[in-house]
Structures are given as C-alpha cells and as structure tokens.
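Okay, here we've got a single chain as structure tokens, the form predicted alone, with questions on binding and movement later.
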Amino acid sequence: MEAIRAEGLTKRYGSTLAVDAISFTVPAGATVGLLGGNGAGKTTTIAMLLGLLVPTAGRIHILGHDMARDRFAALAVMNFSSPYVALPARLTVAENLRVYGHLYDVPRLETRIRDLAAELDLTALLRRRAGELSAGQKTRVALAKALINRPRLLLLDEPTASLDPDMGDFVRSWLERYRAASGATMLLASHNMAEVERLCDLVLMMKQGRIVDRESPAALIARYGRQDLEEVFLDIARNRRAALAPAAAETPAP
C-alpha cells in the first residue's frame, strides 16, 4: 500500500502559487525526505497532508483514505511533530501528553506516557511545565506527543532541531528503531542533510512550489557528481545545474 499519494496538489493564496500541481507517492514503510529552501512549499505541503489546509486543486490519499471525504479515518493513524508548534505552556509535560492521548483514545494511556518518557529521556521532565523547558527539551516532548498513538504515518518537521549532537543522534537512532519495529512510514522535512542521508530512502527536492528532482540520497549525490547531499541541495538552490533530468522531476516515485 502507498502511505501517501498526492496528485496535482496545488495551493494558491490569492495570486501567490505556493504549491504548483505536485504529484508524488510515498511507499508504506519508507522514510522520505521533503527538502527545499525557505519558501519552497514544504510546510504548505505538509499542512495539506495533515488536513490543516484545503488544497486549491488536486487529491490526497493517506493510507488509502481520501482526505477530502474520509479525513478523520486517516488522522487517527497519523501524527505530526514540529518544534515550531508550541504545546500549551502552562500544562506540564505529562498533562500535555495526557490531553493528546485522550484525543487519540490511546489505551492504557498512563503506561504509554511512562514508556515514551523513559525511551525519550523525559521522565525527569514530566512534572515540568512545557513553557519552562529548553528548546531541545521541547523538541523531544513534541516527538513524544507525535508518537503517543503509535502512528502508522509520522510527519516530521525538523525532528532534531535545537538538539545537541549527542541527543540528535539519540533521536535519529530511536526513529530508525521505531520504523524497523512498527513498519511505520515517515515523511521528513529537514535542513540537516546528513540526517536526511542517514534516514531517508527517497528524497523529494522542492523549489518554488514544484518538485524539481527526486531520487535516493545516494543516487542524487552520484548524478550531480557531488560528495554529499548538502552540495546537491546547494546546486539546486543556486541554479548551478540548470538542466535537471525531466524524468526525475516528473515521474512519480514507485
């Protein structure tokens, strides 16, 4: 099954075309990177996948559910993490996780909260108010919130932002283990190219609202003749390679 299928996905804000008729698929069980500079359309795309924005045109299917007609069935088996979306600051970490757990009707919720806290090194923070946490601590709490319902599809926006190298590696390793154990699908938006190379099976490169290239990290690095994915990203961002392969840009991922 395809975890995500987007067809002709478009979003306009007045005369501004934020996402320009993109089509792509994400195979179930894969980790796919959604990359691009600021203003490329990544956040708008993720918001449409989450049902937070209604597309101007196009269709989205999430785990076989049409988001235009069966959005709530899809939302029950997916979740989202971003350190840039603040949790209620006056609630403790445990209270925040409890609220989201009830929204997803998580069974044995208190056990689930304790287990997640132990796995993500949050136990000592459970009684702290969310507004009192450091940026790195908030990032880990946001990830715990996103995992509370054991999602089959996890959308991640900069999942290791504000984490030091040791904790960033810890979170990346945890995500790898989670995917291996659960078979979950992940869509990852990140500016950390080393992270993308490590985690992702496929990369979708966005620029000015369009997908301009797509391949595995290794294949992109080889085709652009670069040492790493960061150099490929810079080539695309700075138009240092004008003739992108049409087949790579237009053919949906398998």
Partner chain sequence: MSRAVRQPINRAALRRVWGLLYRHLALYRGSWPRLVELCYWPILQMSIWGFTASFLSARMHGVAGVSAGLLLAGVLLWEVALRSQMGVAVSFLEEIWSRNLGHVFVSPLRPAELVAALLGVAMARMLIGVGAAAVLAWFLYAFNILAMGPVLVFFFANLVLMGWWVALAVVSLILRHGAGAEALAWSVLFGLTPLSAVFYPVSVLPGWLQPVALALPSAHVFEGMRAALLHHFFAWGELAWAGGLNLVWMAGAIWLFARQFQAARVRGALLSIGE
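Everything quoted here is computed from the prediction, not taken from an experiment. Positions refer to the first chain, counted from 1.
This next part talks about the form predicted in complex with its partner chain, which is not shown.
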- Item | Check all three, L50, F72 and H102, heavy atom within 4.5 Å of its partner chain in the predicted complex | yes
- Where, among 158 to 166, 115 to 123, 180 to 188, 81 to 89, do residues come within 4.5 Å of its partner chain in the predicted complex by heavy atom distance? 81 to 89
- Message: I'd like to check something about K145: if you look in the predicted complex, is any of its heavy atoms closer than or equal to 4.5 Å to a heavy atom of its partner chain?
- Response: yes
- Using a 4.5 Å heavy atom cut-off, state whether V54 contacts its partner chain in the predicted complex. yes
- Message: Considering non-hydrogen atoms and a 4.5 Å limit, does its partner chain approach E176 in the predicted complex?
- Response: no
- Task: Examine R150 and determine whether its closest non-hydrogen atom to its partner chain in the predicted complex is within 4.5 angstroms.
- Result: no
- Message: For a quick check, can you give me the residues of 2 to 17 that have a heavy atom within 4.5 Å of its partner chain in the predicted complex?
- Response: K11, Y13
